[in-house]
Structures are given as C-alpha cells and as structure tokens.
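The chain that follows stands alone, in the form predicted on its own, written as structure tokens.
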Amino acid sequence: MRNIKIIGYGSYVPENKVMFGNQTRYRANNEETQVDMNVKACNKAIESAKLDISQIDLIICASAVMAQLLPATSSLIHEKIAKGLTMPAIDVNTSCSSFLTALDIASHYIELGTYKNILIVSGDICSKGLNKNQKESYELFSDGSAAVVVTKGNENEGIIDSMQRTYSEGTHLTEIRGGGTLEPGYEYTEQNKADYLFDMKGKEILLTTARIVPTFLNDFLSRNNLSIDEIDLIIPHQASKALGMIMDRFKIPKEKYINWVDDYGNMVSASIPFVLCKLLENGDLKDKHRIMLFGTAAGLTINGIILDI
C-alpha cells in the first residue's frame, strides 16, 4: 500500500444551468475560463486542508483539454494562486481519467518522500468544443472542476493498487482532431470545422466498453485477491446515461456505486474527483472505508484505483 490521505478538497460548477428534459447540465458563461474554474476549486481545497499555498510542494493539473497550447495549464494556475513561489507545476493528461493518473503519480512522489503536500486539480470547459449537431454529446457534458490536497497517510490508508490499460483500437472513437500539429489551428475553415469540435461515436464506445471492462475489473480485483463485495463504494466516471445499464451488466448493485449523470452530466476529467469531493464535503464516506475510483477515457483508456480512506 502507498500510504496517502486526502486532507483537503474543493469543487466548483458554473452558476449557469441548462436543462435537457430531466437532465441538468452546467455551462460556463463566455467570461469564465477553465483556469478560473480550476483556481476556485484549488482555493477551496487548500482552505479545506488548512494550509497556506506556500505549503504546497507540487501542483498537478489533470485536465483533458489544455487552456492553451503553451504553456502547461498548471503554469497558468500557478500564476493565479502561487505567483512568486517556485513549487513545480505539471500537467497530466489521460483524458477523462486524468485525475486517477495524477493521484497515482502523486502517491509515488509522496511514498518516495519527494514531495509532502500535493495539489491535484481537474477541470474542463467542454461546452466550448461541443458540436450542436451531435445531440447525444451536446446534451451530455457539463463544465466543472474539482481539486484535492494529498499528503502522507498512516499505515491503514492509501492506495492498495492502481491499474491502467490502453486499447488503441478505440483511439478514434472519441477525439478532437484539430488544434494540434496534425491539424493546426491556422488551417481551420468552415469546411473542416467539425475536426475542431468534439466527436464521439457513442454506440461504438458502448459496445467496446461492454466488451473490455469486465476483463479489466476481473483482472484488477483478482490480482489483489478482492471481490466486488469487499469494495464499500465505487465512484465511476459519469460517462453517460448508460452508466446504470453498464453497471447492471457487471452485476454491481445500485447501492454500491454513485450515478449522478442526471444531476451533473459528464464533467470529463472532473467527473470522478467532483463526486469524490462532494461525498467528502457532505460526510457521506464516514462509513465507507474501501473505495474504487474507476473509469474509461479517450484513447481508449481504462483506469482504476482501490483506495482505503
């Protein structure tokens, strides 16, 4: 076990709500930036941890989309909350599972004694890149941010195990093709506009996920000699309205996992940490000791962490 604990947490969603039937989504206004949202979540997490920003040894921004191509989004956040200080700031990106990758990396840093207090923030303004002609994705996503501060834990708390796998046959099922070096921004035209917007092949993702996730979960649990019954709560990525159907397929009872898709939608990289932060804030994990954080992401990547808190 890598002994870490969460000592601070904070989340943020924009005030602007959009309703699609009974589905609530949060969308940033034109003046609100991704950096703004992440800074608000960071400040809440640091305050919750009862620390000063000078006591943070490393800032990790674990978002799916960059605020700008250069510099790293973490540097832009550093400028807002730690200007004049010199703690390192890095970006980690595995799309929707970025927070899990960052938490995994942070646990190794803490275990090695490289850093003591690490701030991790995940947040995306996905609404700015949605294609209104793709109803499924346009009505699914929300903007939001979540942050945690982690430090050394005692012998009974921390990461039992983490596992990440990439199935590159799904690389092009979820993508934004334009904006990088393959299709630079200066090549944008009205004719290729769709390449610069989010593109999701929902049916193919669902079929692929249903095929590969059971094997991933079985391998993850079996290598730790655990059964699903020994997990107190699963916090899955709030990927889509099909979440309940997918969990039913894995024979996971409703009381064993969190499904807030109707209330918040898919917040991309913030989905998992947003739920985690809200549960911690509300005291809903007091009787939950062993948590599984789990989700799929573009790539196609699957990521899981078993965490004792």
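Heads up: residue numbers just count along the shown sequence, starting at 1. The structure presented is a predicted model; accordingly, all values stated were derived computationally and were not measured.
Here the subject shifts to the form predicted in complex with a further copy of the same chain, a form of this protein not shown in this document.
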Stretch in contact, per heavy atom within 4.5 angstroms of a further copy of the same chain in the model of the complex, of 146 to 154, 201 to 209, 225 to 233, 67 to 75: 67 to 75
Could you confirm whether residue 169 comes within 4.5 Å of a further copy of the same chain in the model of the complex, counting heavy atoms only? yes
Decide whether residue 214 counts as a contact residue for a further copy of the same chain in the model of the complex under a heavy atom distance cut-off of 4.5 Å. no
Even though a further copy of the same chain is not shown here, does residue 193 get within 4.5 Å of it in the model of the complex, heavy atoms only? yes
Taking a further copy of the same chain as it sits in the model of the complex, is residue 83 near enough to touch it, meaning that at least one heavy atom pair lies within 4.5 angstroms? yes
Since exactly one of 33, 259, 43, 55 fits, which has a heavy atom within 4.5 Å of a further copy of the same chain in the model of the complex? 33
